[in-house]
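This document starts with one chain, in the form predicted alone, laid out as structure tokens.
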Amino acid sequence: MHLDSRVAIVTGAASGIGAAIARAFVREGALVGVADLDLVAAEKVVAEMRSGGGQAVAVQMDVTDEQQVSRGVDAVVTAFGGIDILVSNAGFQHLDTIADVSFENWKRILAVHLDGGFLTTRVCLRHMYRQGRGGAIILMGSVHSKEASVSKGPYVVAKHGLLGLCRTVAKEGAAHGVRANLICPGFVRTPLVEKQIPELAARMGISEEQLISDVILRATVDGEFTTDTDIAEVAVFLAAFSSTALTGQSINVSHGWSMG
């Protein structure tokens, strides 16, 4: 087991990519805090893990709330005796052009991605530094951490910001044996993307099938969606890596959609 007895917390872990990562971590022997705004859904994921012999706890967490973040991480530390891995995954999207997006929606997107990434990273770093056993910070970026798309301006800006946070934490955390890396998924068919498909197709005046083949997957090498399992396996690899040789990196998992 690559993560035997390491303690991890995954945000946005009640569904989609976050749930897939949490399940993969448990499979590899980690003790996992399943953090999500939806506590009931998080508890269902935890119940499933426990039924298979895994060790996990559910914590309710609004990643934009400083006190909730601190309480949630502290609860995981209390339950399992420390923190070794953070996966800051919570996020959402809102489609609008820069000319049309409201300030409220702009702030909401940046708050969840950037404030959430900062708040969870900061509290986990403090625990990791005190423990003195190193650790892994994994931030969930996107191919939009490096490239832009129309109608996704706030999301693109937020994901670019996470790349800067990752690189800064990699330099600051090195003296403490803490690594920081950014996973940059391509298009994963999560509920978030499923919601976008009809919206974007209507905006562009094309069918959903055309949108998928001619727009969303056009730049991939094989016309395939990335899967949440693909992302989870990369997260396991980054969490288990044994030295700071691999830190400050952004890893594209996009079927070649982005190669930068």
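The first residue of the shown sequence is 1; numbering continues from there. These numbers were taken from a predicted model, which means no experiment stands behind them.
A second form of this protein, the form predicted together with a small molecule, is not displayed here; the remarks below concern that form.
- request: Tell me, yes or no, whether D230 is in contact with the small molecule in the predicted bound form, where a contact means a heavy atom of each within 4.5 Å.
  value: The answer is no: D230 has no heavy atom within 4.5 Å of the small molecule.
message: I'd like to check something about G53: if you look in the predicted bound form, is any of its heavy atoms closer than or equal to 4.5 Å to a heavy atom of the small molecule?
response: No, G53 stays farther than 4.5 Å from the small molecule in the predicted bound form.
query: So in the predicted bound form, does D62 come within 4.5 Å of the small molecule, heavy atom to heavy atom?
result: Judged by the heavy-atom cut-off of 4.5 Å, D62 is in contact with the small molecule in the predicted bound form.
message: I'd like to check something about V188: if you look in the predicted bound form, is any of its heavy atoms closer than or equal to 4.5 Å to a heavy atom of the small molecule?
response: Yes, V188 lies within 4.5 Å of the small molecule in the predicted bound form.
- prompt: Pick from I206, L192, A219, I197: which residue has any heavy atom within 4.5 angstroms of the small molecule in the predicted bound form?
  reply: Looking at I206, L192, A219, I197 one by one, just L192 meets the 4.5 Å heavy-atom criterion.
- prompt: Of these, G72, G117, G135, G141, which has a heavy atom no more than 4.5 Å from the small molecule in the predicted bound form?
  reply: Among G72, G117, G135, G141, a heavy atom within 4.5 Å of the small molecule in the predicted bound form occurs only for G141.
message: the small molecule is absent from this chain, but in the predicted bound form, do G173, A180 and L238 each have a non-hydrogen atom within 4.5 Å of it?
response: Spot residues vs the small molecule: no contact at all.
Among 75 to 83, 122 to 130, 165 to 173, 105 to 113, the region lying within 4.5 Å of the small molecule in the predicted bound form by heavy atom distance: Every other range fails; the passing one is 105 to 113.
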